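Single chain ahead, by itself, as structure tokens, in the form predicted on its own.
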């Protein structure tokens, strides 16, 4: 161990209480940052999964032009057979074929423009939460019957209920006039008025017949187990399909606004984290500046004996680095333990049960512990503390040995 290291260690414990108070502030800050960042990542993951599980899914197989121009002519040929092949070859069970069109829905009293989705009743519950949000009646259970489930706001606007008939008018894939009559068997209440105002689902076979789709579909929706697996599954599906006119789009391409909303929220959160880190950095600055001022005579003697100001500055940086490393190590251990505990047991927020249930979400929130969430905050705190040590170290370069030895 070098003389500088021994001096740094000795100087830290001259005032052990002050050192531990500073280290304690770092530990508290690091623990809090790890928990908050892990919790934030967990909420983002839940938010993304919840938003995607309603309609979009994590991935979609589409015609290359469909995402920019969602018309019926940009369709996936033999889509049901393709979905079966992909399900078999990739072992992804959460996969469903869909058809999507816009139509005029009419009851005996009113008419409204809606989005009609043709779905596979057997596979749709694997990729969407809408089948579990039917509040009146039931969900579709026959792939070819003339049944329809609609949103609660749409049902109110059309003044229809379970058992009533709705007439669908639109344009078929071949440009022909599309018309059909379907019986309302269920009413969905998702808690999102915009969705409940326009959503309607019919069996896929019935959709293909009404809109002259033949064996065509609009997309194949895919859900994966975790967001981290999206890229791998996307590559796997792309290689399996191997069709020039078909593409596999991930959730970020399907809903770019979702990622932007997360980034905006993350920025605002990091502003709050930055304030916490600055406060800890000033605590370190105060500790090291007091230490330097208290040892002015000692530093003067050391410089008179031949020690250079640069060596004294390194001594201050080493003391700061030692405190910061202690705070980082204990903070990471404690923070990871706290975040892991809540990752297993969840965070219960009183009063949120009804709101979470309305959106078909679990009643508890779970942090998401990872290397990034554990190390990001503490490393920034460590960097901030080292930056805070610059000013006390720079002061030593202007120190005069004679004047320093005379200091009281």
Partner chain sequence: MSALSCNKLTKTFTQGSQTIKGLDDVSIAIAEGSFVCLSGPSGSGKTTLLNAMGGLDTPDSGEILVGDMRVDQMNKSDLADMRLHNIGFVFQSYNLIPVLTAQENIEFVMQIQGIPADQRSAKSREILAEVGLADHEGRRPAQLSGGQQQRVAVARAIVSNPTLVLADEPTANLDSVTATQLMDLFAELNQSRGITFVIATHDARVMEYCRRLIKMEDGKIISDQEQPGRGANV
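We call the rigid core whatever largest set of C-alpha positions still superposes within 1.5 Å between the two forms. Residue numbers count along the first chain shown, from 1. All of these numbers come straight from a predicted model, not from anything done at the bench.
What comes next is about the form predicted together with its partner chain, which is not displayed.
For the marked spot (18, 314 and 394), a heavy atom within 4.5 Å of its partner chain in the predicted bound form is absent from each of the three residues. With a 4.5 Å cutoff on heavy atoms, residue 399 counts as touching its partner chain in the predicted bound form. For the chain shown alone, residue 305 is a contact residue for its partner chain in the predicted bound form, at least one non-hydrogen atom being within 4.5 angstroms. Using a 4.5 angstroms limit between non-hydrogen atoms, residue 156 is distant from its partner chain in the predicted bound form. None of the heavy atoms of residue 333 is located within 4.5 Å of its partner chain in the predicted bound form. Only one listed stretch (211-219, 292-300, 241-249, 138-146) carries heavy atoms within 4.5 Å of its partner chain in the predicted bound form, and that stretch is 292-300.
Residues are counted as partner-facing when one of their heavy atoms sits within 4.5 Å of its partner chain in the predicted bound form; in 6-20 these are 6, 7, 10, 11, 14, in sequence order. Shown in the overlay between this form and the one not shown, fitted on the rigid core, is a CA shift at residue 239 smaller than 2 Å. Superposed on the core, the two forms barely differ at residue 269: its CA moves less than 2 Å between this form and the one not shown.
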